[in-house]
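Below you will find one chain, with nothing else, as structure tokens; this is the form predicted alone, and questions on how it binds or moves follow later.
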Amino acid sequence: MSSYCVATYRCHDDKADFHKKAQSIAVGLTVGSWTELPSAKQKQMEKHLGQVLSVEVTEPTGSAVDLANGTAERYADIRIAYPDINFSADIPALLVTVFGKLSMDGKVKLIDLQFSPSFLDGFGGPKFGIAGVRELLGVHDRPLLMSIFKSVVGHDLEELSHQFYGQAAGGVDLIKDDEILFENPLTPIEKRVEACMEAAGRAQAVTGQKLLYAVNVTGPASKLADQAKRAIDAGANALLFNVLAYGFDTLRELSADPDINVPIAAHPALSGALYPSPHYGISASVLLGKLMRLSGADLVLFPSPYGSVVMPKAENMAIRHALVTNNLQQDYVYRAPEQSGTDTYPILRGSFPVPSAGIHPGLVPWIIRDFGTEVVVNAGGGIHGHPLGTAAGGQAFRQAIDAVMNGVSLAEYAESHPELGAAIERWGAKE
């Protein structure tokens, strides 16, 4: 019995026979040629042949002007099943199979992936996930709050510790390194962890609150696991990782390592080169949703629909669905028609969605409205740029979260909470 992974493509072309194109993709990315093969060879190779599952063509509609200037386009969504027997059970092999050379063949975008139960069986997903991160922090009834270092390149350990304490004293749940903070003589990772975790301890004595520090793991790929373990030995209780620079399989290896027993936050650096175009690349829900969760990210950062680096809301919601949905059968798993529906598949833990970039306290009602409570509110300038200082910036966010959770408007809550009031005066509020 064959098992398959399924890729869905959106192909734009004004004149193409999409059914013929689909068949060309299915053959070209698997056995290479088909009709030219003798019947005996076809029988031998059939188990390796890609299968066209569906071709849904959308013809352009709109005014004559729209048609003339190309704003109304003809496209087709094509679903093709690829036999698992063709590739090893890892994400690099799958991506090269379904989109390697095809990614260079005109206006073609990979918009979805489904995996066979046997392919999924090789992946553990997030080691902690949403529930595990909440358990570490002891916070179960509200969105979490993350803060980001700003202007850390070129600063020494004393300045880093000072900036860390200001954030921690504001009541944030997580603090992450800047993604561009690499190993350097001023703040080497072990010394950085020691300094920041000492600051975390001082802040906890004031706030009574636990905190995770996601330190950026960088360097040659062959040494990443060793660096992560050294950071953990120094006291690190979370990691930050630039997944797309190193690859999904590298994240999978780090997450699966039994000695790397801390949550991993996935940064979306470089993803803008892959998801924004309607004609090329890989959809955000696959790139920053399914593949991040499958590879083991406990938290996934991505641009929000509201701030300074925006992503369309529909794409944000698709990422959220891919990260937190419990219905893996429908969204992740493909079974061939001849397969029974009783095959088992792993239940992957959910990953925390972390909408980011340009977030300020006045946006908290929108974030919770759209993402629910299983979300991490992530702020940089919205904390550090607070008129009353960094600690007040964190407090303003916590107050905004409390207001929404208690069904109180930000304006009303701000009347008795000056930190929130100062934030609203500076940035406004979205109720």
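As the structure is a computational prediction, the values presented were derived from the model and not from experiment. Start at 1 and count along the sequence shown; that's the residue number.
The next section is about a form of this same protein that is not shown, the form predicted together with another copy of the chain.
> Every residue in 86, 92 and 247 with a non-hydrogen atom within 4.5 Å of another copy of the chain in the predicted bound form?
Replying inline: Looking in the predicted bound form, the three residues 86, 92 and 247 all sit within 4.5 Å of another copy of the chain (heavy atoms).
> Of these, 124, 312, 276, 188, which has a heavy atom no more than 4.5 Å from another copy of the chain in the predicted bound form?
Replying inline: Of 124, 312, 276, 188, the residue with a heavy atom within 4.5 Å of another copy of the chain in the predicted bound form is 276.
> What is the one choice in 118, 261, 325, 308 with a heavy atom within 4.5 Å of another copy of the chain in the predicted bound form?
Replying inline: By the 4.5 Å criterion, the partner-contacting residue is 308.
> Want to guess which of 96-104, 314-322, 204-212, 191-199 is within 4.5 Å of another copy of the chain in the predicted bound form, heavy atoms only?
Replying inline: Contact criterion met by 96-104 only.
>> With the partner left out here, check for me: in the predicted bound form, does some heavy atom of residue 131 sit within 4.5 Å of another copy of the chain?
In response: No.
> Just to confirm, residue 375 within 4.5 Å of another copy of the chain in the predicted bound form by heavy atoms?
Replying inline: Close contact is absent here: in the predicted bound form, residue 375 is far from another copy of the chain, nothing within 4.5 Å, heavy atoms only.
>> Test of understanding: in the predicted bound form, would residue 235 fall inside 4.5 Å of another copy of the chain by heavy atoms?
In response: Because no heavy atom of residue 235 falls inside 4.5 Å of another copy of the chain in the predicted bound form, the answer is no.
> Any of the heavy atoms of residue 271 lying within 4.5 Å of another copy of the chain in the predicted bound form?
Replying inline: Contact check for residue 271: yes, within 4.5 Å of another copy of the chain in the predicted bound form.
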